[in-house]
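Take a look at this single chain, the form predicted alone, given in structure tokens.
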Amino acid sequence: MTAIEATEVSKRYGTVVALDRVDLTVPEGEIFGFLGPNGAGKSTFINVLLDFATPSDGSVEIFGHDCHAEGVAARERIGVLPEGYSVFERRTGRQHIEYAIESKDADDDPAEILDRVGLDPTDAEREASDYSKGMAQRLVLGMALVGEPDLLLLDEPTTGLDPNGAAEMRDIIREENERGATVFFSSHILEQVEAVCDRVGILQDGELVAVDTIEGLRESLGGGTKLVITVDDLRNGTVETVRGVQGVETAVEREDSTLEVTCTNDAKMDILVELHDAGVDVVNFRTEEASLEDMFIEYTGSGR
């Protein structure tokens, strides 16, 4: 079954287009990373999923239920960690979890949920309004986990967490996915997405410009690898020489007489031969897989 099905979804606020004909299918059981720079429309899309915003055109379904026409049925199967959630005043951490359990008519043990997200018994009895940002983030994740939801919508879930907390968050995401939950994971922290997601979608100015596995994105951007070349003397014209080789997409001069080149796999040896023929001595070279950050910049920074 399909967990999320968006068809030609647009959202306009006056003359501002927040979403532009977004088509997206997220199958059940997938961890899907949703990326984009600030203002790209990520939160707007999540608000449409939750029926906090009505699309100007198109439709979105969650497990076959229209998010607007059948919002209650769609939300029954969702656990949500929203960005910037404000905890309740004068309620303890435990009371927040108990509230979520009651709201979802679930039978979870509050102590087990709190322990799972890293809040100890002392934290549980404190007022949540006194929590640090990271502790509040853990608490809201616990609320999202109540009732073993079929779909987790996580909007910037590692905000406020230290590296250990972010690693624990990733472990929970994997555990929930192994349980059978679909995870829709919106973030601007690319290494977090790269570590857990099966596929990613990149949103730019409201338009979904890429959807693929990380490996698939690599293959679409220069054969999936980067060639890093150190030469004895990076003279004038060397970068242009490399850019002229068939199969080269980008060539950039770095410090210490180093070139970074994205290209097809077949072009790598041609680049080295061209440098040799131009009288440029290659001191060292290596290949690197393009990181998700490299690909994100390529799609959002170069108008691709």
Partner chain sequence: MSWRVIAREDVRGTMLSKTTWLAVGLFPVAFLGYVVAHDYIGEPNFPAFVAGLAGVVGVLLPAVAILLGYKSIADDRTSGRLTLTLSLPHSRRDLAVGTFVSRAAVVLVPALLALAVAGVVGAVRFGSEGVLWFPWFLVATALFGTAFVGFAVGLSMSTTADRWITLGGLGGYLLLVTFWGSLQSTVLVVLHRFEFQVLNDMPDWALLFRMIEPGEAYARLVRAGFDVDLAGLYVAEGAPVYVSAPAALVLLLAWAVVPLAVGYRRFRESDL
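Numbering follows the first chain given and starts at 1. It should be emphasised that the depicted structure is a prediction, and the values quoted were computed from it without experimental measurement.
Missing here is the form predicted in complex with its partner chain; even so, the following discussion is about that form.
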Among Asn164, Thr213, Ser132, Ser86, which has any heavy atom within 4.5 Å of its partner chain in the model of the complex? Ser86
State the residue from Val193, Val183, Met169, Met143 whose non-hydrogen atoms include one within 4.5 Å of its partner chain in the model of the complex. Met143
Its partner chain contact at Glu102 in the model of the complex, heavy atom, 4.5 Å: yes
Any of the heavy atoms of Glu260 lying within 4.5 Å of its partner chain in the model of the complex? no
Might His188 be said to contact its partner chain in the model of the complex, defining contact as any heavy atom within 4.5 Å? no
With the cut-off set at 4.5 Å between non-hydrogen atoms, does Arg91 touch its partner chain in the model of the complex? yes
Segment that reaches its partner chain in the model of the complex - one of 170-178, 70-78, 116-124, 200-208, heavy atoms within 4.5 Å: 70-78
Within 47-82, the residues that have a heavy atom no more than 4.5 Å from its partner chain in the model of the complex: Leu50, Asp51, Phe52, Ala53, Thr54, Val72, Arg75, Glu76, Val80, Pro82
